[in-house]
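Only one chain is shown below, in C-alpha cells, and it's the form predicted on its own.
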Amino acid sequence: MVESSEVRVVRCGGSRINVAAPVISVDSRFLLCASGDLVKVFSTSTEEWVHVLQGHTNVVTGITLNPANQLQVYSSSADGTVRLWDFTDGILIKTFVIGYPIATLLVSNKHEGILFLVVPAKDNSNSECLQLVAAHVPKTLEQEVEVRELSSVLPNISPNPRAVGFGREGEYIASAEGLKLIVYFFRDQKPYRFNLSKSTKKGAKNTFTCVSCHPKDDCVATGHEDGKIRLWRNFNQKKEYTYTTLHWHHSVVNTLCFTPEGTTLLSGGIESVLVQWQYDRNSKYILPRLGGSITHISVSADGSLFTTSHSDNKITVIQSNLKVSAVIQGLVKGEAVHTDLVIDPRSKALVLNGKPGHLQFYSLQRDKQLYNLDIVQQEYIYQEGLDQYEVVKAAFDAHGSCLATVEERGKKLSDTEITLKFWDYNETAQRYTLTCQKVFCAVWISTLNILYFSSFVLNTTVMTPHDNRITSMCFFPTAETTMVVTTARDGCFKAWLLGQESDTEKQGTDGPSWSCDFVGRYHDLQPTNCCFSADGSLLAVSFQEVITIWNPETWELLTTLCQPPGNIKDLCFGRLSCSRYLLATTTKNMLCCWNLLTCSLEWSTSIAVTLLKADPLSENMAVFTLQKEQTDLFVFKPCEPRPLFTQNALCVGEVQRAIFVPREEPLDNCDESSLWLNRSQLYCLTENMDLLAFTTKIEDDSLISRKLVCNLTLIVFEKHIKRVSCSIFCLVTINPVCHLLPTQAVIDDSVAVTPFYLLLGKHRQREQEMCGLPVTEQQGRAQLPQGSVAVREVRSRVPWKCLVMVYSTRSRVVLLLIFVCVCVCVCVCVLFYTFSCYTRRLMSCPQRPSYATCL
C-alpha cells in the first residue's frame, strides 16, 4: 500500500462563506469573505470569484481592510497568525506571528501600526476565557514577523465577533458579554461598565447578542435575545447614561451595523429580514425574504452597498435603496446531508438537499450553486419548535429523465409524515437563462452567456408510501424499465413502476403515472439497504444481518447471504469484470465480499468503514475509514486483495458523503498509480463542508495553466484596455473559454509578479531559476507553512513558468504599448482606405461634384 505522488487532493469548493463578516473593497468592485482556511475574493458585479488567498493552516476568523492601504487586507486565523494580502493580485505581503489562536480581528484609523485581537487569556490557551489585546506591529522588511509586544486592553471578551466594535472612528471600543456592556475610552484609559437584569416582568430576555458603535457620535447600539435594540448614550457619565429602545424583530437580533455616515442603522435576525432604521428618527424600511437567517451585515466605505451573510451559506449584495444586486451562494449543507451526493446525468451537477424543502444543483466546475428545485412547494416560515419538511432522499434514473424524492416532517416516529414524489424532465419547459457579464475590452461590454438548467415537473405524489421512515431508494440501472425500489422501517420494500402510454389512454389522464407493483418482506425483519446489479438482473435487499437476492422480473427470492454479526450499512454490486461480487459493510466494523456464483463469502476484513462507494464505470471501490479522528481512503478491486491507492489522513474528522463522478472523456497518459481515476473522479464532503476532489498531476497542471491563461487575458484587458471596443473578441474568444474552464481553489504563489515581490527580491530569483542560474542563500527565502501535505504538494507544481513574466509590471506596459500601436495602425489604415476611395471617386467624376454626390 503506497501513496502515489501522481494523485492530488484538491479542495474544489464547498466551504462555508458565512463564518465571518465579509468586506467590501473601497471601489465596491470586490467582496472578500472567509472560507475555511482561505479568503475568497468575489466580483460584486458578476458574482464570480476572482482570487483565492491561500496560506493559513487553520480556520480564518476575521478579515478587514488595511487603513493605510485600501488595496490590502488583513486576515486572522486560529493558526495564530495575521496575514497581510494584496487582494487585487492575490499575493501574500507579510505574515505576523502572534502565537495564540485569534478569535476576532479589529483595526482602527486612529491606531496606526496596531492590531486589536481577541485571544485566549494568558495560561488559558485551551479555555473559553478571552481577552482583547493590542498587538504593536514592528516595521520591518522581513516577510515573516514575530509580534512580541502584546498589551491587554479588556478582559472577559465574548468569542462572538459581532459583540465587539470601535466607535467614533476609534476613540473608544465597546464589548458585550452576557448581561454586561463595557465601553473603553483610549484617551482616558478608563472602562465604563453597565449591567442589565436577566429579564423583566414582561418576560423579556436582556442578554446582549451584538454591538455596533456610531462612527461619529457617542452612541452604542446593542441587540438582545428578545428582539429589542437599545441605543446607549451619555455612557461616559456613569450615573447619567440613557438608552432608547427600537423593537421590530420578534426573536434574537443577530447583527447590527451603522453606515459610514451614521445616518442609518441596519439590523438582521432569524426572520431573514433586513431592517433599515433611520438614526434619530422613528422610521424604518424592511427588505424581507432574503433566505436563511441573517448572521452578519457589512457596509461599503461609501455606503452604497450592503451585504448580508445568511445561515444557508449565502451572501447577498444589496444596494442602498434596498434592491438586491447580486447573490453569492455557496454549498448548503444544513443540519445534515440526508440525500447523499447524487449527480444529475443531464447537467452534470451535484445534487443534494439544501435549504429546507429544496434540492440544490451545484456546479462542480464553477464551485457555484446553479439553482434550487422546490420539492415541498410550500413557503418556508421560521418559528421555533415548528417542524419543517426536509428532503431526505433523491435519485435519478440512468438518463436523468426521472427524479424520485422523499420528504419527511416530524421528529417523532409516531408523528412522521412521509411523501414520495416522482418528477419528469420537461423538454418544453427547459429554462435558458441569459446572464450579462461585464468584461473590460476598452469599455464595459455585456456578453452573452447561456446557462442550461434542467426543469422537472411533478408527475405523481404518493402520500404515506410506507408506514415508517424510508431508509434507502434506488432506480433500475437501465432504460428498459423505469422502476424505483424503496425500503423502510415498516419491514417491507416496495417496487414502483411507471405506467405505459396505453394505460394513460384508457384512464384518460395526461400522462403515465407511477404505482406500486410489488411489496416484499423477509421474516418480519427491517430492511436497511437495497441496490441493483449493473445489468438490472438482480436486486439485493439487506434485512438487518441477512442479504436477500431477488429477481426483479418475477420477484422470486433467489438466495440469501449470511454474514458475521452486525446490521448491514452499505451495500453495492461489483462492476464489469467484478460483477460477480457483492460487497457490504456492517455495524460491527466488518467489510465483507460474497461471490454470487458460489453464494459464499469470498473474503472479509475487520475495518471501521464509514463509507463504501463503487465507481459506475470501472471495477474500483472506495472505502473511507475513521481512525484516530482522521479519515483514511482505500481504493481497491474486489478481485484483488492489494489496494490500488491509499490516502492516509485525508482530513480531520469523518467524511460525510462521497461519490464517483463519471468523466465525459477518459484521461490520457495516466500512469499505473493514477489509473483508477481514468474513467471517473472521486469527490468527498467533509464535516467542515470542504468539497475535496482527487485529480491526477497531469490533469491538475493542465487545468491550472488553462485557468491562468484565461485569468491573465481578462486581467490585462480589464486593467489596461478601456478605450477601444472589442465586443466581438470578448464574445467569441474570452467569455466562452472562461466558462468552460473548471474552477480549482488552488492558487500558486508564482502566478503573478507584482511590485511587492519586486521589493522582496523574488522577481530576480525566479529569473535566475528560469535561466538555470544558481540561487544564493541570501536571495532565497524560507517558505511559510502552507497547509496540509496534500495542499503543499499541489502548490509545488509550476509547469508554466514561462507565463509568469507575462503578468509582470514591465510586461504589462509592453502589452499595452503593443495594443495601442495595433489600434493606431488599424485606424490609420481605415482612414487611408477611406481617403483613397474618395480620391478615386473624385477623379472619376468629370465635373468635380461635391463629396456627398461622389459617395
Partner chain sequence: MGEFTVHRVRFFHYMPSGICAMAFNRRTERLAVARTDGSVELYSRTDHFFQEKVVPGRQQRSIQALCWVGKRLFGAGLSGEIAEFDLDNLRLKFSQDAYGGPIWSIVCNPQGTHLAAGCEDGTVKLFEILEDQIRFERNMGGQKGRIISLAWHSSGTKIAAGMIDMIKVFDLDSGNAVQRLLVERGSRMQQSQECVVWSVLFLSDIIVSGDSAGKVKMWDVNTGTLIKNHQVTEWDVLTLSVSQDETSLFAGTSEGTVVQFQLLDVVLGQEEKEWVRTRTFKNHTHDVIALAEADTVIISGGMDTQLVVRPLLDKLDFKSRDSSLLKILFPQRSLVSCAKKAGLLLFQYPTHLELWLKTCPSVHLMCLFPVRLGLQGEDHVCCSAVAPCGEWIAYSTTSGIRLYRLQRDNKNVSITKVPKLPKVLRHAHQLCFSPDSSHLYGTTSSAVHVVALTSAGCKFEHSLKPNSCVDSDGKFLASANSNSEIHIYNMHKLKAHCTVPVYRSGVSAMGIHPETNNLVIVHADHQIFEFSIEQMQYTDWSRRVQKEGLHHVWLERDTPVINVTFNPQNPNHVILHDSYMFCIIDQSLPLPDRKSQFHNQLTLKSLPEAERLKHSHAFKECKLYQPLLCVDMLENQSLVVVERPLLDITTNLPAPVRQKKFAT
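Predicted model only: the values in this text are computed from it and were never measured. Residue numbers count along the first chain shown, from 1.
The discussion below concerns the form predicted together with the partner chain, not included here.
For the options Tyr285, Phe185, Trp555, Phe194, the one in contact with the partner chain in the predicted bound form, meaning a heavy atom within 4.5 Å, is Phe185. Only one of the listed residues (Tyr371, Trp423, Phe116, Tyr243) places a non-hydrogen atom within 4.5 angstroms of the partner chain in the predicted bound form, and that residue is Tyr243.
For the partner chain in the predicted bound form, the listed stretch (641 to 649, 275 to 283, 259 to 267, 141 to 149) containing residues with heavy atoms inside 4.5 Å is 275 to 283. The partner chain in the predicted bound form is approached by Asn236, whose closest heavy atom lies within 4.5 angstroms of it. Residue contact check for Lys588: none of its heavy atoms lie within 4.5 Å of the partner chain in the predicted bound form. The closest non-hydrogen atom of Lys216 lies within 4.5 Å of the partner chain in the predicted bound form. Remark: Arg469 does not count among the residues lining the partner chain in the predicted bound form, judged by a heavy atom distance of 4.5 Å or less.
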